[in-house]
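Single chain ahead, by itself, as structure tokens, in the form predicted on its own.
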Amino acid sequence: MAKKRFRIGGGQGFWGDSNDAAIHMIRNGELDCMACDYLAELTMSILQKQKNKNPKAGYARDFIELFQHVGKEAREKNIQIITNAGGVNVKGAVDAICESAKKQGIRDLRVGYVLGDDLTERLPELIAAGLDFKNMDDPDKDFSDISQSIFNVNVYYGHEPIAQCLEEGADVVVCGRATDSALFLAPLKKAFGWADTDFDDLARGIVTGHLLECGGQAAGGNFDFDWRSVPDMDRLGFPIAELSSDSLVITKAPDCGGLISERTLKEQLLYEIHDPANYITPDVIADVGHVTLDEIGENRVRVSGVRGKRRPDTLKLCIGYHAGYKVETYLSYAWPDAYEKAVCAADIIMRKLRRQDFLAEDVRIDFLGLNALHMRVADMNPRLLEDMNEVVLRIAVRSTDRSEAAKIIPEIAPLQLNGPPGASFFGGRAQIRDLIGLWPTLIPREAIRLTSQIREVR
């Protein structure tokens, strides 16, 4: 029989997020499940670079630290934990979880995990099968231009293999590049017995995940409308969804900071949704164009009006590749004439580079505190520029040729004595860094081979 009530928490918003809210909700949130999202497109490539250097790396180690804090209590309370912290080394993450469980004295723990989203080794096979991997952002680009510089190839998959792990009794489920919302849909579908054709219910599960997947962002963190109204940000609580067969309420654990309101949830609801009527996921296409949000109590908002449509036939495939090199440097200047000095310094550097026939594909010059964020729409009022206390000049160059990118490095430090007065640079000598590019494309669903497995800790 379907459960009458199910509470699921969003324990992480990204790789590097705080563990505090997740620990608090395990202890005080009366949860049935907690899902933790760690991955993004760039994250996958960074993790792959780590794994290339160390075969035992490649997963979000932050989750292991979190599990050390909450693993035993979650098991005692029968709280399931689902995460995509497996990154590009799911088995490595499972090994670390099992080792942590043994150290905590946890027994009878079933760790489910999903493999098959990493298509790097299958790429030649898929190309031979006729897939052309058209770039979703620029279809005129030629995939052969990057085919020899690929870091990682990972498909965004849905809830099915996660649900299979739960059906087999998993207490913890570890995934690679599962979609953020699938981490939440899988336990909800199991709890309420939703069918694959219950599109409205599936969409409600997806929207639940979407509202929770960014952690504190739905609870007043990063709140643009009125951030001053958010209490106790130093102990921000993350959102919890409370579902029944016909309702969805977003709340949070007691005795923590943060704000669950109509406005905080509206900001999160529209985040990363290009078309509110067609929010595409591997599991269902959600229509949030008619969603209503009603505050029904303190830190309690009812979400209704979600509709769903049949899922797409293709899945998103993200390919990370080496896109060249960059050098980034900062020089600070103080009043008086801070901005004028910084402009002069930038001009000196660029004149010197031009004399060397500098061939970088891209050069970006910003003045932090003035136009680095607002760029061309920044207020460049002459009076403002004259009165600035301090300006930080940022110069970044990008080139596919490492030697070209390196040309700027010896031109930076001399400006401390060979340019406008008062210059200082920080962060040490500038370094050449690899640049990671993203190639988004689509792949037929039937080309993917996902498997669900269980490991037991006794």
Partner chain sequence: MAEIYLKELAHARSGDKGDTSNICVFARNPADYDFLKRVLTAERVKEHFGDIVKGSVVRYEVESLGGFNFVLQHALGGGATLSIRLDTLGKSMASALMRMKIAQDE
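What you are looking at is a predicted structure, and each value in this text was computed from that prediction instead of being measured. Positions refer to the first chain, counted from 1.
Below, we refer to the form predicted together with its partner chain, which is not included among the displayed structures.
- Picking from 5-13, 443-451, 19-27, 430-438 the stretch near its partner chain in the model of the complex, with a 4.5 Å limit on heavy atoms, gives 430-438.
- Listed residues L373, A128, I296, A195 were compared with its partner chain in the model of the complex; L373 is the one with a heavy atom within 4.5 Å.
- The listed set P187, G112, G71, G221 contains one residue whose heavy atoms approach its partner chain in the model of the complex to within 4.5 Å, identified as G221.
- Its partner chain in the model of the complex comes within 4.5 Å of a heavy atom belonging to E272.
- In the model of the complex, D138 approaches its partner chain with a heavy atom inside 4.5 Å.
- Under a 4.5 angstroms non-hydrogen atom cutoff, its partner chain in the model of the complex has R394 among its neighbouring residues.
- A residue is said to contact a partner when one of its heavy atoms sits within 4.5 Å of a partner heavy atom; A346 fails this definition for its partner chain in the model of the complex, lying far away.
- Shown here without its partner chain, the chain has D362, V363, R364, L368, A372, L373, H374, M375, R376, V377, A378, D379 in 345-384 lying with a heavy atom within 4.5 Å of that partner in the model of the complex.
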